[in-house]
Structures are given as C-alpha cells and as structure tokens.
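Only one chain is shown below, in structure tokens, and it's the form predicted alone.
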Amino acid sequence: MSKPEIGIGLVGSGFMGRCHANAFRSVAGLFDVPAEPRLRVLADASDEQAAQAALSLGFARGTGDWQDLVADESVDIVAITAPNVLHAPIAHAAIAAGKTVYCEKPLSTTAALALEMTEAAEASGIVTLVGFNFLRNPMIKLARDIISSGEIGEVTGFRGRHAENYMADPDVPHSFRTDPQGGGAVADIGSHIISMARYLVGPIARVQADCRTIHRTRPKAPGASERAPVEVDDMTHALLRFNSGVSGSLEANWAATARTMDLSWEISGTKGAMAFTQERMNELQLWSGTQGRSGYTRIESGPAHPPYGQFCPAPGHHLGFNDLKVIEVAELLAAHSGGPACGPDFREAYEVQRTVEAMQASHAEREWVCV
C-alpha cells in the first residue's frame, strides 16, 4: 500500500535551498516517514532562474513569484530559504493558507516581526520549524542527556563560539547579510551558538556584549569598484548569565581568518566537563571525575546514538552537514503528519532573536541588558 504524499514548495535555491532540496529528496530512503515528500514548486528571483533551479533540484515546476507557490493547492509545506527580509511576508501568507512552515534562521529581521509570525502560527495551530540544524547532531543530543543525567554534576559554566571566514576578505561585496536588516554576524551565525547554548544550558537571562566591525567598507556589488559603509558587526563577544544562574561567554565571528566551521562549546560542571566542535562533528569530548581519568575521553558517534544508524550500521563512518538536514526534515514530516511536535519552532526562534537584539542593545548602551 502506497503512502500518502506531502507536497513541498521551496522558496530560494541558494546554498540552503539546495540543502533543503537534498533533504526532501533523501529522507524517505533513510527514515520510515509517514508520507512521501513530493517536490512540487520552487520559487526564485525570476521565472528563468526558478525554472533552471527546479530542473536542477528535481521540482515539478518553477516560478518567479513566491505568492504563486504559496497559493498552489498541491503544496503542503512551505520551506523558506529566501533572504531574511522575505521570511515574514512569506510565512504570514503560508500560515494564512494553512500550510506547515519550515523557515531558515534567523526567523525574521527583528524580534517584533518574529513575535508576530509566532503568534500568527500559534493562533492558527500551524506546525513550524526553524532551521537550527546543528541541534540535530546525535552528539549534541547525547551532551544534553549527559547534562540531564547529572553525570557532570551541576553546570557551572558555558563558553561558546561560532567562527567562520566567509567574510574575512574586505573585498567580499555587500549582500543581504551586511544589510542592517540582515543583522550582522551576531544574527547570521551567532544565532546558531545562541540556540545551542539554550538547548544545552537553558534560557539566557541577561547579556553584556561588544560588537565590532572589522571591515568598515565593502564593494557595493560583485566586481564593483565603488564601496559602501558596513553598518553591521563582523564580530561580537558577549558575557552571559543564564536563568539558572550559570555564567558564560559567547563569540560570533564571520571574519575569523582560517576558520571554516568553528561552531564549538565547552561546558563545565561540578563533577565533569564536555567539549565539542562542529569541525569534528562526530566526536564529543567528556571528562567525568567518576572515571578517575585526568583528561577528556573521546566519544565517537555510531549506531548507539540515534538516528546515526539510519545512515550507517557501522560506527566511525561519520555523519555530515547534509545528514543533519535530513534528520531535521524527518522530524518535520512526522510533526506535519500529526506526530510529535518538532523544534526549534517559531517560538524558540523568537527567543533566540530576542537574545540577539539584547546583545545589540547592550553594545549600544554599554551595559548589561535583560533578554
């Protein structure tokens, strides 16, 4: 007996758009999904661009009008990988049409808009998911389980960092990321380490942050000689105080020379400690006083850490970045079909955005700011 189908509409075919398309194409071959995803419509900046991307990524058709995608009755889930400024209008239209909404982070350009999106979705009972896909790593879930078990005792400290080098060159041109509505490094990649901190340690109560713009100007467009000022941060450092009383620190840096994917953290406790970096995403470092060891023990991902076994029956063969998106999509399809709620949903993404804005306000006011 064949499974029911879920129609997928994707807005945007860039880096994350391709990642979404790959996940929707792959998920049914790896997970026992409740319904088969079908790639129905891809929307992009123009009809021509959309048609080319639809053909490349396996969608039935393309359109230069995202409103056309949302209105299509064959589309059940609207996946949004468009520039940040478009997240709110697309999501509101999809919610009004009764569609499940799967949006990349940050949820919107401001916390106020993110809250409007959240309240609209909650009032309509719409399933939502925001693409903080690094949380899908089995090693991250294991870390939270270790914390919950008390194995490292009471958590006393958190140090987190998300550093990459894709904006290290001062001649990388302006884009939606460097537009003030893009939010800068603290919104673009800082949101990932904020979501990780919240997932592992809990809500953040207050922050004190320093934001720095390293490259004061950038070319107005690719290949342009004319330069325009940069009004967003390249690097932010923040002190944190969690609701639980735990102290911590955080860095977001998209101009970190030589770093390609340093999403990392260390957590200390009264009985032990843990450390992780996405650059070695299949490993978790654990030190536990009960083991009587003087250094960290490396835990390597394997079938004992679900859902690793969906991808490979042998330990040490490693998951990759795209696999995390497949896991995320599997949870989305289950929630869409009436299964367990998945997250981070719009509400959690709004809380992350509130934290980002508190850091920006702290920098402007030069003092601690409550989230």
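Residues carry their position along the shown sequence, with the first being 1. Everything quoted here is computed from the prediction, not taken from an experiment.
Form predicted in complex with another copy of the chain: not shown, discussed below.
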Which of these residues, 126, 77, 113, 286, gets a heavy atom within 4.5 Å of another copy of the chain in the predicted bound form? 286
Of these, 88, 256, 120, 135, which has a heavy atom no more than 4.5 Å from another copy of the chain in the predicted bound form? 256
Only one of these stretches, 99 to 107, 194 to 202, 230 to 238, 180 to 188, has heavy atoms within 4.5 Å of another copy of the chain in the predicted bound form; which one is it? 230 to 238
Taking the shortest heavy atom distance, is residue 222 within 4.5 Å of another copy of the chain in the predicted bound form? no
At the 4.5 Å heavy atom threshold, is residue 343 in contact with another copy of the chain in the predicted bound form? no
Is residue 36 one of the residues lying within 4.5 Å of another copy of the chain in the predicted bound form, judged by heavy atom distances? yes
Check whether residue 214 has any heavy atom within 4.5 Å of a heavy atom of another copy of the chain in the predicted bound form, and answer yes or no. yes
Check, residue by residue, if 64, 352 and 359 all come within 4.5 Å of another copy of the chain in the predicted bound form, counting heavy atoms only. no
Though the partner is not shown here, which residues of 14 to 39 have a heavy atom within 4.5 Å of another copy of the chain in the predicted bound form? 15, 18, 22, 25, 26, 28, 29, 30, 36
